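Next up is one chain by itself, shown in structure tokens, the form predicted on its own.
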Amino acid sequence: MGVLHRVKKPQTRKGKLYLENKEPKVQENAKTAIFVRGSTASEVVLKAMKDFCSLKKPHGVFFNRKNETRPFEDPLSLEFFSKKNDASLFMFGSHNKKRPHNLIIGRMYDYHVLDMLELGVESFQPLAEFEGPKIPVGTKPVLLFAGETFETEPDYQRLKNLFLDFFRGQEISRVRLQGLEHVIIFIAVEDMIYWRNYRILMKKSGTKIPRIELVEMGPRMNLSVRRTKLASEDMFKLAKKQPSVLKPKKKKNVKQTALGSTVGRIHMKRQDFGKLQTRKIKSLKKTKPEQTKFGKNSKSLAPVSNYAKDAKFSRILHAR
């Protein structure tokens, strides 16, 4: 008989809160990223990873020790680090003669590698070389993607989705204008990705809408896509599955047209057209004998008198 895995309950309040924080939630926490240093990492790779980590703070963990691992051949060590730090994103840096200045960016699903892409750093200018003030820690950036390849090529589509997941941060319901301070731009041109970072400056314009200026604050990087390992369509669809609580409920008898306008259907009770208020016409007014017979306030329709018929016929002749 095999040894059963014991489930040890937390003994302290801190341990209980830690386990509750790791449990699945309807509204996910901000995704944490781990930055793992390879056994042979160049200075360019280390500076690039540190700049990535500074933009990801406070949800970034940097590993200073060297780790002998090859993510594309054996990702078990990365999966172990991911589970230990409760991180679903990772970046691995290495350098060798065959693949110089190499960065591997990827994400996890259920603490197993979902997809990862290998990027080569062709040119790099670190954050420290740019003068001027920087953005506060934890600022939510605005992401811009330019280039047709982000919409047509499958590898670039998944890379775009990965970068959106990487810099998404905490989910918010409202946006404050003064909180927009950071812009990250990805430009895809001829198998190269140009990564730029700008700081937003809002200046007076004489109106309610401020005048916007962009100042490059770094880092600046040119990347090339090398190897890729993407999840299958079924696995990717399972990873994107949302709980039924977050799905919008369908409203009955309400639909939208092709032009975007909302159309609704109203169900009413059967109406009695005998009690319907219509336009009052003098020719249909009751005569005194009819009022005494049917009553002055009677709602039942009385037969039209000969006098009323003659008056109506005379008006028609005059109109002609």
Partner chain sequence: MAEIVEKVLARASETAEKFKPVTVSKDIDVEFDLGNLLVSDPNPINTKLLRTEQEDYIKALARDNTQLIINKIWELPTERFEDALVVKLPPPTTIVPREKPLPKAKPPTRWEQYAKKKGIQKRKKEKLVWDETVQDWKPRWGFKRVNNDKNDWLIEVPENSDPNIDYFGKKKEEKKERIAKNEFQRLRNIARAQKTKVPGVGITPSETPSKQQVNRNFFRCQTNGYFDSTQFEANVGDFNKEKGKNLQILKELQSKKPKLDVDKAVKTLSHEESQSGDKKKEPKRRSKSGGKKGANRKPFVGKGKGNKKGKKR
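Computed from a prediction, not measured in an experiment: that's the story for all the values here. Residue numbers count along the first chain shown, from 1.
Another form exists, predicted together with the partner chain; not displayed. Remarks below refer to it.
Exercise. Report whether the minimum heavy atom distance between M91 and the partner chain in the model of the complex is within 4.5 Å.
Key: Looking in the model of the complex, residue contacts with the partner chain do not include M91, since no heavy atom lies within 4.5 Å.
Exercise. Tell me, yes or no, whether E122 is in contact with the partner chain in the model of the complex, where a contact means a heavy atom of each within 4.5 Å.
Key: No, E122 is distant from the partner.
Practice problem: Determine whether any heavy atom of E171 comes within 4.5 Å of a heavy atom of the partner chain in the model of the complex, and answer yes or no. | Solution: Close contact exists here: in the model of the complex, E171 approaches the partner chain to within 4.5 Å, heavy atoms only.
Quiz item: Counting only non-hydrogen atoms and a 4.5 angstroms cut-off, does P126 reach the partner chain in the model of the complex?
Solution: Answer no; every heavy atom of P126 is more than 4.5 Å from the partner chain in the model of the complex.
Quiz item: So which of N161, S77, S224, N96 reaches within 4.5 angstroms of the partner chain in the model of the complex, heavy atom to heavy atom?
Solution: Exactly one listed residue reaches within 4.5 Å, namely N161.
Quiz prompt | Stretch 102-126 - residues with a heavy atom within 4.5 Å of the partner chain in the model of the complex | solution = Result: R107, M108, Y109, D110, Y111, L114.
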